[in-house]
Every structure is written in C-alpha cells, then in structure tokens.
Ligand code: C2E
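Just one chain is shown here, as structure tokens, and it is the form predicted alone.
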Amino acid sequence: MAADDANDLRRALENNEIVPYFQPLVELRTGLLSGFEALARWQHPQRGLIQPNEFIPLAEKSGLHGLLTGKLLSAVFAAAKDIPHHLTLSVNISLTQLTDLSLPKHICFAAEHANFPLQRLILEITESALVGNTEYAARIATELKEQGSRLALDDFGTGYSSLRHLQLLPFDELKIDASFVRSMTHTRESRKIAAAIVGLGNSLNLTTVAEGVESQIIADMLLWLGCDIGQGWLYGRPVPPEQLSEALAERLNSSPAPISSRSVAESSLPLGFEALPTQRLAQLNAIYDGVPVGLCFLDRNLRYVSVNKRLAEIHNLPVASHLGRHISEILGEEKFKYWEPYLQNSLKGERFSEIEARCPDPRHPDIMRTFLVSYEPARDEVDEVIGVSISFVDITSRKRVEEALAESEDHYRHAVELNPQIPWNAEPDGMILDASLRWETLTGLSKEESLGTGWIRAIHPDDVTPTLRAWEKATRTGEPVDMQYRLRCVDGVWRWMRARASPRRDEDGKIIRWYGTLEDIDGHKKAEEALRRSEARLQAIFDVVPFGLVIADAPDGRVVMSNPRAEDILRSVVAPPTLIDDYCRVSQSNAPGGTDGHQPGNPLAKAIMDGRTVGPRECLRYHDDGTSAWVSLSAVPVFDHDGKVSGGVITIQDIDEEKREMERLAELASDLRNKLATHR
C-alpha cells in the first residue's frame, strides 16, 4: 500500500472494510473474563488483513482519522450488544485524536446512538501520544472522564514516558507493554521493570494490565507481583465480530483456568527479589510459609496483596482465593466490623500488638480457637503508609493451659481457704507447746501425742535428721526458720509440708516464744518435679535436633547454651562466655588469603542489634586444623515481654557436601564451555 493512497482508505471506510477485532482481558486472580480490547483491522480485498500500524498514520495524514474513529466506534458499540453488561470494552486513541477537542463529543454521540453506557468504555492512550500535547490531552481526558469513560495509559515504559503524565492526567489503568511481559521468564531486567510498573500502579491505586501473556508461568509471575489483568494468547487471540459470540460463549461457559497454588519457593519461577516493597512480602511468604504464624499484607483498600500458607490454613481457604479480595469477604461482615477500627487506625500509622481474639475453627465450628493478632503499618520510602501487615499467632493450646492453670489455682485457693495453715507455738528451746486442731485432723496424732518432740513421729524417716538440725540451729541462733519435710497424713500418704517460724522477744531481746505455721506444699513440690522432667525432655529435644542450635544473650552475644550438633559442625566446644560469632565467621587469622567472599557479617550480632531475622546465609568456616567446611547460618532475635531484644538464637546447618558438589559441577560446566569454545 502506498503511503499516500488516501482514496483506497476512503473507499475502505465507505465499504466497512476496517473492522474491530476483540481480544479478551482476564482477571489474573480468578481467571474470569473482565472485558475485551477492540483492535482495528483492515480486511483488504486484495492484500488480506492489514495491521493498524500501516493505515492509522495514513488516516491521520489524510484527515480521515475522524471518519475512521466514528466508523470503528460504531462497529465496536454494535458488537457490544452480544457482550454481557459487566464486561468492559477498551479502544485505542491515536496521537491525532488526542489533539482533537471534538473527540469526546464524537464518542458520546456514537455511544448514545448505540445505547452503550460509557461507564463500560476504557480509552487507551499511548505514552508517545502525550509528548508535547499535555495541555490538549489534559482537557480532552478530563472531559472524557466527566462523560463516564475510564482512561488507560498504554505501552507504559516503551515511549518517551514521564511520571508527570500519571500525575496530571486522570488515568484509571496502567498497561505493561508486551515486550517486557514476554521476556519475563528469561530476562531479569524485564521482570524488574514489570515489577516496578505493577508497584507504581498499586501505589497510585491504578488497575495494572499486562499485555503479551502467552504462558501460565508468565501469568503466575504477574499474579505474585500483584498485577490485576492479563491479555494475550494464553486467553485467546483477537477475533472478528462474527466470531465474538462463539468466543464469548466458550469463555463464559468454561470453568476459570485454575490459578497456580504453588508458592514462589516451590515453583520454577525465577522471581528472586525484584519486586518493590509493596510486593516483597508476597515473595517472602514463600520463605516463611513453614512458620506457625499466619501472615498477610493488605493494601490501602484493605485488599489482600499476599497471604502465607499458615493463614490460608487458618481461614480454610486456598492462598489464591485471598488475593485481590477485600478482607471483609474473607472474615465476614460481623468480624470485619470488629477489626475495622484497628485496620483504619493502622492505615493512619498506628501499631497494635497481640490483640487477643476468639473465633470458631472454620473446619470445626464447634471448637473455639484463640489468636494473638498484631497490626503493623507498612511505609514506603517517603514514610507514607501503603498498607498493613497482619500476623495471626494461634495460642489456643497455650490458652487452654492457662485456663487449666487458672482453674487449678482457683481450686487451690479454695482448698487453702477451706484448709488454712496450721498455727503452732513452741518454748524458747523448741519444745512444742500448742498446735491447731487441724494438726490432729491432718496427721491423726492427738495434741497430747504431738507436744514436746512427739510431732517428730509424723515426719518421714529420711527428713528427721535435717529437720531437727535446722530447728536446733534456729533455737540456738534466734534466726527465723524455714524448712520443708514430708509428713505422714492420716490416710498414710506422705505430703510435703513447709514449716516457718519466727521468735518473739522481750524488751531485752531474749526469746520468750516461737510462733510458726505449717502449710501444705505438696502440689508445689510435685509441680517442681514435673517442671524438671519437662526441662529434661526439652533438653533432650534440643540436643537431638539434626542442626546446630546456639542461644546467646543480648547485647554482647555471649553463649547461654548450645547443642552437641552445633559443636560437631563447628568442631569446637561452644561454651560461655565465648561469642558465638567468633565461631560463625571467617576471620583473617583462620582464612588463608584473608576474609572469604561469603563472610556472613556476624549474623547473630546483626539479628540482636537490628531486631530482625538474618539469613539463611552461607559461609566457609575454617577450622583450627586448616580444613574448611560450608555452613548455613540463620539468626533470630529473642524479644522479652517489653519488646526489647533479650538475646538471639542461631541455627547452623552443615551444607558442605552439597556446596562442594555444586562447586564441582560448576567447574565441570566451565571446563565444558571452555572446550566447546576451543573447538569453535
């Protein structure tokens, strides 16, 4: 086609040879159809199908762009009668049209003539069309918005883009150019650009649309980045109006394409950490899916941006079912009304920590579960709140223990009230003068049998000597006495008792009487024994785990305890007051040739100082005998009840064999490449 063949184009317009082709737009989260983009095609009788980049410039040059726009919009709106009312239609606006102040009037006339509501119309403007036309574009865009149309910035990042356009013009959507999307699977820079565009769109509350989605892997990547809409061959190629009904029926009648439920860590997606802060939590969830804490991130519209597996289990819903949905859809309106004040105040920058909440278990509604819920506002680089991070800690088991303990304490309190301490008194030399009648009820010994030294007959044989020795010392020195012994009760059971007494003196300081009490401490002693057994079991678990564990105090990182596996990996006894970082770093004195490039930078010190998890990090540990081994280190701060870092825990894993094998394979690959290069 010649560049100046305006007559041919005019004839084509008169014969309705330029028709719209419709390509589906699909919600990435649900796989549901959200609308279509109308793409102009010239069905030339001799040359076949001609793309718009060939005839649009000719229409603008020959002054036929107005006629072209009117014809195309009429065809689009005519075809819209077969499209359900909840779906949108997107149409491109050219450079020349964006300087035509009559454009809004023409669009409005065409829509009214076809009885098409402009609220369903999305007008796409390319970046290049805005260069040098900001004033006209702003006037036209404002009028189009006032008519009800929505605006999308098309092919973002490929032209002479300016963020000022996003500031000045009332855009509703931001479209990622297909060139970036198609190369996401193999080009890191494309992934970073796509993530940046999605992050920019989210921060400006714009719907993000990705063009060129041709595989499910790309769709998954875009979903995890937070993109809203996908467009490309994965969902369907552009079809002419006569095939629209068939394509629409096929799309609406089929089940939505299943959304990948695998986490970033489990998939082969080469995402890394390219996303901006607003998306980074979604990627970190892949790392923290194993922790017993539910985590999620909500944007400023209180919609889920990311959810980890634990929270999905708590809600008894798939991870993908959360993404993009308002929190009220997941919690229900009643629960949302309760939590809404916390969420709204968090969006204003307020923190809330460990708010206790009870709710039925979704899988077992008759069982109540207890959670500690914390809200943390997330801020961007200019300290503006961009969303809320929420954590859910299931404390149901702990709460049951606390309730059982409270109930036990209540029983004990009533027992004490019903069985008060047994008062007694004695002569200055220790001979018992009197005791409460409860002594007789408890031991079966009468008051007469117990006076003097008769009470000793109720004491356990093993406790008689230490008890008499303590009592004799007290009567000799005049110091208060506090002793424990087992007492035989009337039912023949031995119970631990605690006897305390203090002397009463006259004005000269001479002891004239001893007054004391006897209390039942059998439950306390048994609890202490149970605690010691529990500590022994915990110590056994601590010692048997297959990775090294070291616990250290803050702020100096001095070791509190370590397990045998840590000492085995480090080939050294990790004992107080050694600094654990002395073992878990490569020092110049140990490392031949200086510090290794994989130096972890004292991970435990960083965790304690920064108050956050560090690692996992790999480092090369040099032993005293000159050998070395690769280890993986992860450090976690320990917080006290005041929120201050009281210490830290570091885990040490032996990855030497795996690491060495990877290095060997890398060397083999390098040798192979060198040989191939030589043969070329």
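Numbers follow the displayed sequence, beginning with 1. In this text the structure is predicted, and so the values were computed from the model without any measurement.
The same protein also exists as the form predicted in complex with the ligand; that form is not shown, yet it is the one meant from here on.
*Asks:* Would A40 count as touching the ligand in the predicted complex under a 4.5 Å heavy atom rule?
*Replies:* A40 belongs to the contact set for the ligand.
*Asks:* C227: heavy atom within 4.5 Å of the ligand in the predicted complex?
*Replies:* Although the ligand is absent here, C227 would stay clear of it in the predicted complex, with no heavy atoms inside 4.5 Å.
*Asks:* Contact between H65 and the ligand in the predicted complex at 4.5 Å, heavy atoms?
*Replies:* H65: contacts the ligand in the predicted complex.
*Asks:* Under a 4.5 Å heavy atom criterion, is L222 part of the interface with the ligand in the predicted complex?
*Replies:* Because no heavy atom of L222 falls inside 4.5 Å of the ligand in the predicted complex, the answer is no.
*Asks:* Though the ligand is not shown, can you say which of P503, G232, G430, G294 has a heavy atom within 4.5 Å of it in the predicted complex?
*Replies:* If I apply the 4.5 Å criterion carefully, the residue I get is G232.
*Asks:* Scan G212, P241, P377, G199 and let me know which has any heavy atom within 4.5 Å of the ligand in the predicted complex.
*Replies:* Checking each option against the ligand in the predicted complex, the one that comes within 4.5 Å is G212.
*Asks:* Want to guess which of 645-653, 40-48, 25-33, 629-637 is within 4.5 Å of the ligand in the predicted complex, heavy atoms only?
*Replies:* Checking each option against the 4.5 Å cut-off leaves 40-48.
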